[in-house]
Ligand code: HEC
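Let's start with one chain on its own, the form predicted on its own, as structure tokens.
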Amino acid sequence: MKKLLKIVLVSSVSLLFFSCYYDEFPEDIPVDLPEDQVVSFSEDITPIFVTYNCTDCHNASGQNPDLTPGSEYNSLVPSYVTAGNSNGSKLYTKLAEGHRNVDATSLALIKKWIDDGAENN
């Protein structure tokens, strides 16, 4: 019985210490987009909101920003997106921290769109 208690105690303490860690904020997304690539809000960014079902929560009656079609750009800029500064934009930092497990390619597109001026194109 004492041996079993020791095993359970050691296992519990190990899980406690190794399950609590903090990832560092990724400075660079591992996907390289061509520098001359133009990222379009309507063709590249809004489909990301559809893919990850963002409007399930971010709609007119839900959480801000409202990401329903036609409302997404005005809801994001300038409150959640700082044009030219992805690392200072709430949208990018929240997604890069793991919100909705957005894939690296989508993050790279969002980062480039913001860094390129976050135009409504």
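Keep in mind it's a predicted model, so treat the numbers as computed, not measured. In case it trips you up, residue 1 is the first one in the sequence shown, and so on.
The next section is about a form of this same protein that is not shown, the form predicted in complex with the named molecule.
Trainee: Applying a 4.5 Å heavy atom distance criterion, does Q63 contact the named molecule in the predicted complex?
Mentor: Within the cut-off, so yes.
Trainee: Does the 4.5 Å heavy atom contact test between N85 and the named molecule in the predicted complex come out positive?
Mentor: Taking the distances in the predicted complex, the answer for N85 is no, it never comes within 4.5 Å of the named molecule.
Trainee: Whether C57 contacts the named molecule in the predicted complex should be assessed with a 4.5 Å heavy atom distance threshold; does it?
Mentor: Yes - in the predicted complex, heavy atoms of C57 and the named molecule come within 4.5 Å of each other.
Trainee: Would you please decide whether L95 lies within 4.5 angstroms of the named molecule in the predicted complex, comparing each non-hydrogen atom pair?
Mentor: Contact with the named molecule, yes.
Trainee: The named molecule isn't shown here, but in the predicted complex which of S42, S71, Q37, N53 has a heavy atom within 4.5 Å of it?
Mentor: Of the listed residues, the single hit is N53.
Trainee: Within 4.5 Å of the named molecule in the predicted complex, which residues of 82 to 116 have a heavy atom? Give them in sequence order, or say none.
Mentor: Counting only heavy atoms within 4.5 Å of the named molecule in the predicted complex, the contacting residues of 82 to 116 are K90, L91, K94, L95, H99, R100, V102.
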